[in-house]
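Consider the single chain below, provided in structure tokens and representing the form predicted on its own.
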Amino acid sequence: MVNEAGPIGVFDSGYGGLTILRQIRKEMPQYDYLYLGDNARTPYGERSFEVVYEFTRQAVRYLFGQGCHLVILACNTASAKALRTIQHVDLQRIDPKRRVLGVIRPTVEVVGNISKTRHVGIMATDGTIRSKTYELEIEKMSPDIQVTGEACPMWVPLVENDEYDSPGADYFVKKHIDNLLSRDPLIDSVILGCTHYPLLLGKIRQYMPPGVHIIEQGGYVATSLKDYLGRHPEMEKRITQGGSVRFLTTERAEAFRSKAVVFMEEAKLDASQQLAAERVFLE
């Protein structure tokens, strides 16, 4: 493993994690970042705990090998199914000084301050909903909150296939919002528990009743990471500060750029931050 200072690693099963990276870079543009998307094996949402753990472990080890001392799992499924084992088992074997953080806890931490009715909804992939990770984490911090989960299996394919703003998306967005609220009409806050879902935000707002707070992850994850680095100067010193970002993909580099542009708002990036990706192989 490389011991010199290196970039912050950001991992996702596909493209959705780019919405997290975008918010983190907006909050902390001074650091270097290395993004890895396992686009060849996406989606993770329907895969077993064992497979998601193995794929995530491979990605984390790869990013460590590239000099990252801190890796963010910008993927709810990986955070739900693999993070705890990686933190408590693998890091002890690899390097106890390295850190792997997820996106679920920073989101859960704000729920107690937002919900007034103490009824919260989770909209996520089937894998994240079945893991019940959100319910367990919310219960630890706000045991008085009642949580209802709704799996939205078509939402990621809509985004991945550039259909998130199409008329066909309206049916699936409205269907799952109606399903969720029919099961608990007292819900006043809904967590978007998948990093793809911000691209559906326009339609989600259209069909979500007024007064229901929609909780996006990106901003909260970025704020939480900034706070974490402030509280852990020893880790902050192990991160290089050149303001750069590199992209790695397990799929063809050309395919990555054509889709990543949507998630990263490429038109708003300067010429030095283009979405050119390098292809890598995980094992």
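The numbering used is simple: start at 1 and walk along the sequence shown. Model, not experiment: these values are computed from the prediction.
Unshown form predicted in complex with ligand DGL; subsequent notes refer to it.
Of the candidate stretches 190-198, 169-177, 85-93, 113-121, only 190-198 has residues with heavy atoms within 4.5 Å of ligand DGL in the predicted bound form. Contact annotation: Pro43 falls within 4.5 Å of ligand DGL in the predicted bound form, judged by heavy atom distances. Using a 4.5 Å cutoff between non-hydrogen atoms, Val156 counts as a contact of ligand DGL in the predicted bound form. Residue contact check for Thr125: one or more of its heavy atoms lie within 4.5 Å of ligand DGL in the predicted bound form. Residues of 49-81 that come within 4.5 Å of ligand DGL in the predicted bound form, judged by any heavy atom, are Cys75, Asn76, Thr77 in sequence order.
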